[in-house]
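This document opens with one chain alone, in structure tokens, the form predicted on its own.
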């Protein structure tokens, strides 16, 4: 089962939930946590994994052979990302804008454009206290997170439970991380900002046709609008975590909730059981 843990905004406690869920299941399930928040991965701060493998992630970018090029401008015409510009007797490439689609090299009439790899980040894998671990890291200054996310998801072990720590928001990296999940757990907080971004996240997950449920973190602040929204949209609230200075202290020290307050382990186990019931019920309906 693949469970993605997402949030419409940053700072809701998404990583706290993902790491605590993984550690709560490690004694009964084969568990893997994949950190797809590649612009700022931080699950490793809580799990403190031993990294056993690391590899670069590259995207293909154009390399122009000036001896073959006739400066016809076809490459610039087909590049929707404006990564190539042709001026008299010169081709300018802006590799930071290139998405590696290969259209320029494929459509060049003179076959003057080859492709070479440009490193944009790395993926790492290892283990931590009974939990398999993988993460991606986008190089500083790079804009393309999806290729890193796709690469790190290749490390997913489908024989057990895979928990994906998703980037915040609802943009392309979020869609790349969440797609193909069996369930999406949306972490929010009971504030107007939390509700606004939860609505956006729910709409995104619905477009992907992935069932979802909600974890309300820092309960006790704000108002009851999040609960009202979930009831109105028939979205199950699967876990509520109160606003607690002890939880905040643990988080600030890189300690997971279930490690610092073991009584929470049973709550996360029940959370997993509820997710399993929803997924199995949905699978049964689809099969019928």
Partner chain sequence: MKELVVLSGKGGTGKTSIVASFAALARSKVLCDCDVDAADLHLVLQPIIRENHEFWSGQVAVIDEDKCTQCNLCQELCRFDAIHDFKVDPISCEGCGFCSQICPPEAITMKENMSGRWFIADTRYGPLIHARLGIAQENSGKLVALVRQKARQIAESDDLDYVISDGPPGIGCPVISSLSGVSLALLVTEPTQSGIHDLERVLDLCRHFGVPALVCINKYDINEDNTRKIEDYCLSQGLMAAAKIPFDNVFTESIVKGIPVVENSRDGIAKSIESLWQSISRLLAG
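Positions refer to the first chain, counted from 1. What you see is a predicted model, and the numbers here were worked out from it, not measured in a lab.
Just so it is clear, the following notes concern the form predicted in complex with its partner chain, a form of the same protein that is not shown.
Its partner chain in the model of the complex: contacted by all of 10, 115 and 253, heavy atom 4.5 Å
Heavy-atom distance to its partner chain in the model of the complex: all three under 4.5 Å.
Just one of 158-166, 124-132, 85-93, 139-147 has heavy atoms within 4.5 Å of its partner chain in the model of the complex; which?
After filtering at 4.5 Å, what remains is 139-147.
Which residue, 207, 119, 110, 154, has a heavy atom that falls within 4.5 Å of its partner chain in the model of the complex?
Residue within 4.5 Å of the partner: 207.
When the contact criterion is heavy atoms within 4.5 Å, does residue 34 count as touching its partner chain in the model of the complex?
Output for residue 34 is no: heavy atoms all beyond 4.5 Å of its partner chain.
Any of the heavy atoms of residue 181 lying within 4.5 Å of its partner chain in the model of the complex?
Contact with its partner chain, no.
I'd like to know whether residue 54 contacts its partner chain in the model of the complex, with contact meaning heavy atoms within 4.5 angstroms.
Although its partner chain is absent here, residue 54 would stay clear of it in the model of the complex, with no heavy atoms inside 4.5 Å.
Non-hydrogen atom contact residue 49 with its partner chain in the model of the complex at 4.5 angstroms:
Residue 49 lies outside the contact set for its partner chain.
Just to make sure I understand: among 206-234, which residues lie within 4.5 Å of its partner chain in the model of the complex, judging by heavy atoms?
Result: 207, 208, 221, 222, 223.
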